[in-house]
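In structure tokens, the next block holds one chain alone, the form predicted on its own.
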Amino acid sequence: MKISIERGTLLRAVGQAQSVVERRNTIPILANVLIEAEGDTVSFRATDLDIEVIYRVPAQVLRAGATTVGAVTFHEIVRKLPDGALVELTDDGASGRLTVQAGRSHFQLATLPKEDFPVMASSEYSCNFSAPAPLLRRLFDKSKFAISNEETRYYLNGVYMHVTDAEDGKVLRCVATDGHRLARIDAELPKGAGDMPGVIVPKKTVGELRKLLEDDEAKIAVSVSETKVRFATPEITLTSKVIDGTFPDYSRVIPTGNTRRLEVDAAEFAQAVDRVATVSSERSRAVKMQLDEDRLILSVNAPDSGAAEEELAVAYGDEKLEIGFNAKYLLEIASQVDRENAVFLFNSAGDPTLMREGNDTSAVYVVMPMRV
């Protein structure tokens, strides 16, 4: 194999591939990226056996072939090469070395046979559709903060993507929860997605997927089966196993009878919460919200370090209410709001609180209160 490729293009491809590679693994080949050159395209493939990413880029292929090389070291070398350099990769197969040359820099890297590289078995996908990148980006970006990290509740370690009925017909919905907060985001159902099986997309996959969704103009080809999900653009294909478990019935925890309505400027609210929470070093620091006619007092009382209080002008016309929340949860939910105003709907100090953006019901958040 012998190829010539521009450094920026190579860096983007190797960077995308190596981020899938697990730093700690016991199978040496999984630390490698598979480089395949044919025609005028080079593809870089990496896997951790649960996720596989393939990144295809144009290159001058002087001699077709394939080899595997340590992903992290290779990425570091390419990253440190001068901007705009032309990089030549040569592998003769016999020496077990890949030569990387750019200008006066010359490296030789150990390779492993391409035959040892595990390729994810292709699945029969029962549902195929395409969706605009901004639609998928919104679904996953707004829900991923609520993914659980508790390994014992593995079925919550991802985003549940499924088709369901909403007020205006069927929608594509993403839901994530960790038992303390929940995010439920709806989007218009893409054509051909109606019979999609519901799948739980793992947290790591959601993180890798974000890189495919940067381009607002991109159309993402989505393929779903009971066991796998695949997201693809002409350059990148990301295939992932889905979490083998049943996502709980989330609709039971979304309150419907919350009538006390607070409307507040989302950015002002987030900044005020952040300021008052500064006095407490505890990770689960509680912020108390005291609601009265058109005013909100946020306070934190930390016996060891001090106390803080801030008042905000808000729209609130119901009876007085005192309720406490984990500051981190409030900040994360407030930061999801794209519009100016966040609307909180309360029932009592002990019941889950609902939050949405203005009158938009396509993004709904639930947060459990704390005793304060």
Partner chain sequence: MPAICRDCLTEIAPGPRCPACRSPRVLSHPELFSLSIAHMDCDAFYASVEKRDNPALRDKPVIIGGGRRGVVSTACYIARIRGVKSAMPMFKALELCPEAVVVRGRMDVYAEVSRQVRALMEELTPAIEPLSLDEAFLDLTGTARLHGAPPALMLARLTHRMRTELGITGSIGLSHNKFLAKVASDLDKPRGFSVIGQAETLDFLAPKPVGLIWGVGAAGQAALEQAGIRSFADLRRWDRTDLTARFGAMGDRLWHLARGEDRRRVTRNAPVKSISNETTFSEDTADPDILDGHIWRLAEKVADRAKARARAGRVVTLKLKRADHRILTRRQALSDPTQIADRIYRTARGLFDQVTGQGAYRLIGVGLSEITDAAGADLSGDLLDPGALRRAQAERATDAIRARFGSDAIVKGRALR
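Here the structure is a predicted model, which is why all the values come from computation and not from measurement. Positions refer to the first chain, counted from 1.
One more form of this protein exists, namely the form predicted in complex with its partner chain; it is left out here, but the text below deals with it.
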Q | Thr152, Ser126, Ser122, Thr256 - the one with a heavy atom within 4.5 Å of its partner chain in the predicted complex | A | Thr152
**Q.** The single option of Gly179, Gly198, Pro134, Gly96 touching its partner chain in the predicted complex, heavy atom within 4.5 Å
**A.** Gly179
Q) Among 227-235, 109-117, 181-189, 262-270, which stretch has residues whose heavy atoms lie within 4.5 Å of its partner chain in the predicted complex? A) 181-189
Q: With heavy atoms only and a cut-off of 4.5 Å, decide whether Pro352 touches its partner chain in the predicted complex.
A: yes
(Q) Please tell me whether any heavy atom belonging to Gly245 falls inside 4.5 Å of a heavy atom of its partner chain, as the geometry stands in the predicted complex. (A) no
Q. Contact between Tyr316 and its partner chain in the predicted complex at 4.5 Å, heavy atoms?
A. no
Q. Heavy atoms within 4.5 Å of its partner chain in the predicted complex: does Ile5 have any?
A. no
Q: Within 4.5 Å of its partner chain in the predicted complex, which residues of 337-372 have a heavy atom? Give them in sequence order, or say none.
A: Pro352, Val366, Met368, Pro369, Met370, Arg371
